[in-house]
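A lone chain, given as structure tokens: the form predicted on its own.
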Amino acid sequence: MKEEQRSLLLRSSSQFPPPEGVKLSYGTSGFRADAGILQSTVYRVGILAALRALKTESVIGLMITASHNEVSDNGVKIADPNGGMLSQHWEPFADALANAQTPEHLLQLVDEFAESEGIALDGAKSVEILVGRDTRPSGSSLLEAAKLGIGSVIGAVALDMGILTTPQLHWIVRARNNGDKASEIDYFEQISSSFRLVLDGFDSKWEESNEVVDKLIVDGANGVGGQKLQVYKEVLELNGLVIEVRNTGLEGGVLNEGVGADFAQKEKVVPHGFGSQDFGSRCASLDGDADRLVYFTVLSESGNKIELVDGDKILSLFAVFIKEQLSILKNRDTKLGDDYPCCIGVVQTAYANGASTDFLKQQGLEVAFTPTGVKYLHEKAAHYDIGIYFEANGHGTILFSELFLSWLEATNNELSSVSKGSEQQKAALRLLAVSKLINQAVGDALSGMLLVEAILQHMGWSIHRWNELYHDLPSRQLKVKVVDRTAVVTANAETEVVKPPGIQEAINAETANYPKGRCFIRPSGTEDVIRVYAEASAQDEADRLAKSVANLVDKFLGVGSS
């Protein structure tokens, strides 16, 4: 490292001393904490982003957001060149940077890591880091810290992309590195035109069904997603989707307070701004940075309870539709070209409701499980020609392999020359349109919502018909405070406990008392608690199973345990 570089890093880092007594860890959400203690962390993630851009010789993204957290929090995370999350290989270095106590230690870490990774810090290369933020009031000052961190690495340039949804920034990074048009306007043009193309491939069955089809009412969580949707809803309405957006944050209201996908999914009550007037209507909730999506209906004209249609149901809808399109394609004249042995896979975590897993397997689909966390789901989904993943909280997407898309393009070209307008060609066009509509970089509430709406039109289904695909098993989640959460070690996608010895056998014995019982425990990623998840055929059984297993955890590992 040149002396000029060393002086620049030392001088700028001294402006951002780390908070005392705070240790931060880079996880699936990046770094996240109270905004008041994050300036040094965001500055250092700016350095991290610059180093990542130099290493990959690509455009990198840096997003300032805390998603569904309360408005006083904030966070920061990296978008890799493919639009995905930061390589897990770099996470320990991210932790070390964030927790370095002095400018000299920070400089030493950068020097050593750059040498081990073969990153040239001589300023010979010029790289760009795209920086975005959500609507949190703390975002502006944290943005300046990120820019200073990026600028402290010679050759790195920060481009302020303004206020964006998190998925928009990931999409733009991916598009830039693919050599495609890459701006917020390009994003909306692609998803709106792809939505229209999906709809053009079939006649809406809503008109011929007996279902009452209302406009879609969207809860924007008083965040960036609601604001973006409000701006572009006229474009979507020109394509046949009538939307009413509430909780945009423009008319008052607090980000994620009594609103949003996380609130709807956990509390199962109407968000602020919704009520008896919405009884029976099709409603959707985004989260604060618009990477999660759930649907719901208001249950009665007098109450505030909702019927939740969560990420598992969204996944199931997507899987049924894609399987249908592949089946149509398989009926084409194979003389036109070789059939492609498409491998479609659905990826879930242990938190997925057992009824959803059973439904997917009954459809003949392969279901795989990973540990909790989008980075694990995304990585596994990429192993398939078409990989679909969603968490129950509404975060997920669909991935299409380049090999499959190339075959699909070739098949469409062949069909257009000999059987243009056939159902087989329409199926090929639909799947190509879906691959452009869905955000393959990361879970995206806006693009996912458009795909849901297109499929519902195709199927002629109301939200009520969709929700009848299967009925969730009753479940209960609890947490138990323990002395040391690392004492619990799990395997098989967190469904079995390897350590401490004996506890898994005790859980199995307790679960065997319930005919449809399922229960697992896993350590929290951030606090010394063990999370308990239980399912059974009735709610009181799920409650009893969860409580009895929580007692087992307390016996083996609780605060009072020796």
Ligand code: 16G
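These figures come from a predicted structure and were not determined experimentally. In this text, the rigid core denotes the largest set of C-alpha atoms whose superposition between the two forms falls within 1.5 Å. Numbers for residues come from their place in the sequence shown, where the first is 1.
Although it is not shown, the form predicted in complex with the ligand is what the next lines describe.
With a 4.5 Å cutoff on heavy atoms, residue 527 counts as touching the ligand in the predicted bound form. The shortest heavy atom separation between residue 239 and the ligand in the predicted bound form exceeds 4.5 Å. Although the partner is absent here, residue 531 is a contact residue: one of its heavy atoms lies within 4.5 angstroms of the ligand in the predicted bound form. With a 4.5 Å cutoff on heavy atoms, residue 291 counts as touching the ligand in the predicted bound form. Between the options 391, 91, 80, 184, the residue in contact with the ligand in the predicted bound form by a heavy atom within 4.5 angstroms is 391.
Residue 372 is the only one of 363, 72, 372, 492 with a heavy atom lying within 4.5 Å of the ligand in the predicted bound form. Listed stretches are 27 to 35, 510 to 518, 51 to 59, 497 to 505; the contact stretch with the ligand in the predicted bound form is 27 to 35, by a heavy atom cutoff of 4.5 Å. In the predicted bound form, not one residue of 38 to 63 has a heavy atom within 4.5 Å of the ligand. With the core superposed, residue 49 shows a C-alpha displacement below 2 Å between this form and the one not shown. Once the rigid core is overlaid between this form and the one not shown, residue 60 does not reach a Cα shift of 2 Å, moving by less than that. Superposed on the core, the two forms barely differ at residue 38: its CA moves less than 2 Å between this form and the one not shown.
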